[in-house]
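Same chain, two versions here, written out as structure tokens and called structure 1 and structure 2.
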Structure 1
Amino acid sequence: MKKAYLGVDVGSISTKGVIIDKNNKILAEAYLWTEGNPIGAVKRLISELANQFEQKKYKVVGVGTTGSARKLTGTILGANVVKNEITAHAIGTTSLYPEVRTIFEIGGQDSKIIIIEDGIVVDYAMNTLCAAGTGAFLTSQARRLGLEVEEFGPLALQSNNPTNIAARCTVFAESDLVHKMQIGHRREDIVAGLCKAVVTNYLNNVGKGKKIKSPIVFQGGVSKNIGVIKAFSDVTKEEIIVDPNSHLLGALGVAILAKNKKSEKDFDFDINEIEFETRGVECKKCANNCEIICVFKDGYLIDSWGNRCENGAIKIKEQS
């Protein structure tokens, strides 16, 4: 039986997964909404991948997790690799585009820039609390305009005169949008202006001070918006590369890392019948007052984190 490797990327908005073979070929893929429930999302993701995957031909022997819920997901899936998003996205991208120098990544609620030289990450940055340069911002403005966010890209391309939208933060952008609507700006111009505002905010915040060099690869959910792609190209004066699987490159990267790990363990797709539960425990045994997260599998403690000293470890044992 041939070996395969699973990569899972769980973010605040979406959950992504791929299964690859030894040559990094994607054998199965899935993309769905996290819906504020990472455990439920991971279960649904694994079921979707299992439906696509040839389990009689391949056997998953390595699992990697990344994203904001990587630790929790890694515990649930018994991952042999748990990596941050910067590493995962860099590995996934360079596996397809070895010459890449800059990675733009914009997701639902976060964004990042990764600078690469000779295949190695040399600099990076992530957004802070502002959501003006993310997919959530575009989605909220689409509702305000009575549009589906999927309509933004084609509509933006119809504009010859994008409206200038204040891009300093979400609040300013929204108030400026309302003002421009009220004074009669055309909808396609406003949409094009919003796409440009996302790019401007991204480059002035996440990309501030970074040496942006081509080739540039754009990924994340917002990379599916052709209006934002055009805005990036117009502002940087460079070609913007978007892979057909741009939304899956974090999952691909961590699957590759799992493949490169020496340890192997057969993965069981049947996790829907398993009851996972997380509980927060406040340790009061020292001045740190750590909030410790305990993960239970069918009532048994399987992992915990958050303690900054041994007192917290003792507290976890008492809770089990």
Structure 2
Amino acid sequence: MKKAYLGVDVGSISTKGVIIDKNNKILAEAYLWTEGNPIGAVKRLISELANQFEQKKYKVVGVGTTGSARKLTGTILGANVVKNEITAHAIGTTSLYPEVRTIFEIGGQDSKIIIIEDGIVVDYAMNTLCAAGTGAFLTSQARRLGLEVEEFGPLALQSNNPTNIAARCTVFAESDLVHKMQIGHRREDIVAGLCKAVVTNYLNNVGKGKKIKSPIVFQGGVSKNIGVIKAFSDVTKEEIIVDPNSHLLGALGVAILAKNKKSEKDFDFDINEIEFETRGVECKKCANNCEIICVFKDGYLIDSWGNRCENGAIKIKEQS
């Protein structure tokens, strides 16, 4: 039986998972929408991966989780590595592109830039908590234009004269966009303008003060948008590399981290039959009234978080 490693990346919009062997070769992969329900999404993800995976030949001995729901999914899957998505992405990308110097990433709510020298992250920046200019922005604008976000890229390529749209703030961008529509700008020009706005907003905000050197790899959900890729290469005058698996690189990175971890633990694919539930309780022990999230597995409390002080710590009873 050969060893395999599972990496799961649960983001705000989509949930990604891969299983790799000891040479980082992808044995199974899955990609689906989180739909506001990370627990449900992980369960669906695991069963999808289980279907593709030769359970007779391989055995999963390490699990890593990343993405904004990494803590919750890490608890559920009994992960041995729970890592932030920036580190995970950097590791995933450098495993495929050891020469990479700059990683652009635009996801559903976050955008980041990672600067790499000699295979090591030396600097990065992330958007402040405001989600302007991320995937969520493009999705909501697409809705306003009556388009699917998937149609955005090809339509943007048809434009010769992208409309200028102020994208510093999503709310302002939206009113700007409506005005431009009303005075007769063509739809493809507006769409191309939005793609350009995302890029300039990104480079001015997240990328400010950073030396952008090629090779540049672009990833995250927005990297599927060919209009944004084109806008990036127009502005930077460099080739933009987008891996066909660009959406999976965070999951790949965290699977590699799980592989590098010395501790091994057999993973059970049968989590579908287990009932996971979270409950929020308000700790009333002081004026902070922290909201504590408790995670239950088949009715047993397995973890909790959200307390600002020790008063709110919930003791976990050992399960017999």
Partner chain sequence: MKIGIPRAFLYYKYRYLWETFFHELGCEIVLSPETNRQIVKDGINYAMDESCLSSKIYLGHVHYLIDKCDYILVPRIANFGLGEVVCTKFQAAYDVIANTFRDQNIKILNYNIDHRKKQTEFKAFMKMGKELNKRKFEIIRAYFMAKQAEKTYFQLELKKQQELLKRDSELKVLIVSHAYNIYDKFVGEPIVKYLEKLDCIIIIGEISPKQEAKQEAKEMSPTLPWTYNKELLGAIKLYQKQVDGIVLMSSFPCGPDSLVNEMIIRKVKGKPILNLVLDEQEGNAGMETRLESFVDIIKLKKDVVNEKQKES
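Whichever C-alpha set is largest while still superposing within 1.5 Å between the two forms counts as the rigid core. Residue numbering: sequential along structure 1, first residue numbered 1. Please read all numbers here as calculations on a predicted model, not as lab measurements.
Trainee: Specify the structure that is the form predicted on its own; exactly one of the two qualifies.
Mentor: Of the two forms shown, it is structure 1 that corresponds to the form predicted on its own, while structure 2 does not.
Trainee: Could you check whether the CA atom of residue 292 moves 2 Å or more between structures 1 and 2, using the rigid core for the fit?
Mentor: Shift of 2 Å or more: yes.
Trainee: Quick check on residue 308: with the core superposed, does its CA move 2 angstroms or more between structures 1 and 2?
Mentor: Yes.
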